[in-house]
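Just the one chain here, laid out as structure tokens, in the form predicted on its own.
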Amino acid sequence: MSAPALESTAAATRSAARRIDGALITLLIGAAILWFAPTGMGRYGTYVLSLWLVMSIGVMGLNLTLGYAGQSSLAQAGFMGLGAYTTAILTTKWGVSWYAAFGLSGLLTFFVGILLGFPALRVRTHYLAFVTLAFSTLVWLLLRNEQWLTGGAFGIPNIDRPQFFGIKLFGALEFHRFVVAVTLVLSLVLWWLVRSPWGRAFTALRENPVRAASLGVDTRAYTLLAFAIGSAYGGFSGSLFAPLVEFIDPSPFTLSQSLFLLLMVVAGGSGYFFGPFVGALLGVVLPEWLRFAGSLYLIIFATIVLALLIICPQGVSGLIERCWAALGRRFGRKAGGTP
């Protein structure tokens, strides 16, 4: 390789390292801010903040499947339902600790995600969306009709919150800080995954599967892996959702919720690391801010999201990136002395 090519490669590596370090620093600073953010917000405000983080975990998994690996999925609410009900059943009926139930929820949804990923080896785009749509509907029907196990429409009440080294996390603030810690850990795992060879293989699979296969990427294995890991994050999100609300029924895990999660990915910025946090913020917190509009708040919310997607199809993260690049070019011209 020539010297200019080596210098170009080294510069690209340094630039990527700076971006990665920036993402890591942002994660740590954000976690520190969220740790103290609920002070003075009240119980409901703290609950909304915790719900935002819980939904962000589920959107993270869908962003990995769709944004990085390029596989359409309408099954994320189904995986969240599996995780939530697995945790609720194990902790309330069988006396299993939340930590064990959390791990088992992730394992269950991981393996179910592998099974669901097999159709992705043969079909793509909207055909794959139909397959995952059918799965999401099937999960909701099971949760709704198998009353002997799930409680049916009556749901499962009295879901206990976990303890941490003997500290009871029953209060809203204590549980919120626990959610912050779990979200940070899962975000760091995803940060490592995205910058690993697996993450680069996922991106290559999204951009051009044929070329990725010609470069030696096992497209079948990575397609299944993307589905499995994204599904596990859905299970982890559901496992946190159950003790957050302390009562679950099938209504939060309908097909419409899967569509809403997909909207969060697109609105936040598909394929951007912080896109899930931005998208979940739009989907969870923005409607709460619009409550002052009464019955019109959903119309206002839909109008804002629609306008955003028209202005910037890459989502809020893409819009921020474009503005940042424009500022960089502007200040770069000023520094260089050009008009």
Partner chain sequence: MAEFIAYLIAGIATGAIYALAAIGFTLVWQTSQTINFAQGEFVMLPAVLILLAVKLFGLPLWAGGLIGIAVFLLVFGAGFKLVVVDPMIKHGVLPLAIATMALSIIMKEGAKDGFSAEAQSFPSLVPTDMINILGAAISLQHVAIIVVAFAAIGLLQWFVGGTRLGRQMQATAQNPTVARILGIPVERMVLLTFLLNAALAVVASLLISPIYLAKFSNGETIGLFAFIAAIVGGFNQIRGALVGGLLIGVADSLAAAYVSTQYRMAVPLILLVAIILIKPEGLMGRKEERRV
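None of the values given here were measured: they were computed from a predicted structure. Numbering follows the first chain given and starts at 1.
In what follows, reference is made to the form predicted in complex with the partner chain, a form of this protein that is not presented.
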| item | value |
| --- | --- |
| Every residue of Tyr127, Leu133 and Val305 near the partner chain in the predicted bound form, heavy atom within 4.5 Å | yes |
| The unique member of Ile114, Val194, Leu263, Val182 whose heavy atoms fall within 4.5 Å of the partner chain in the predicted bound form | Leu263 |
| Residue among Phe110, Phe178, Trp140, Trp98 with a heavy atom within 4.5 Å of the partner chain in the predicted bound form | Trp140 |
| Per-stretch contact check against the partner chain in the predicted bound form, the hit in 227 to 235, 254 to 262, 88 to 96, 75 to 83 (non-hydrogen atom, 4.5 angstroms) | 254 to 262 |
| Contact of Val54 with the partner chain in the predicted bound form (heavy atom, 4.5 Å) | no |
| Partner proximity in the predicted bound form: Pro119 to the partner chain, non-hydrogen atom cutoff 4.5 Å | yes |
| Val210 within 4.5 Å of the partner chain in the predicted bound form, heavy atoms | yes |
| Arg144, heavy atom within 4.5 angstroms of the partner chain in the predicted bound form | yes |
| Partner contacts in the predicted bound form for 306 to 327 (non-hydrogen atom within 4.5 angstroms of the partner chain) | Leu306, Leu309, Ile310, Pro313, Gln314 |
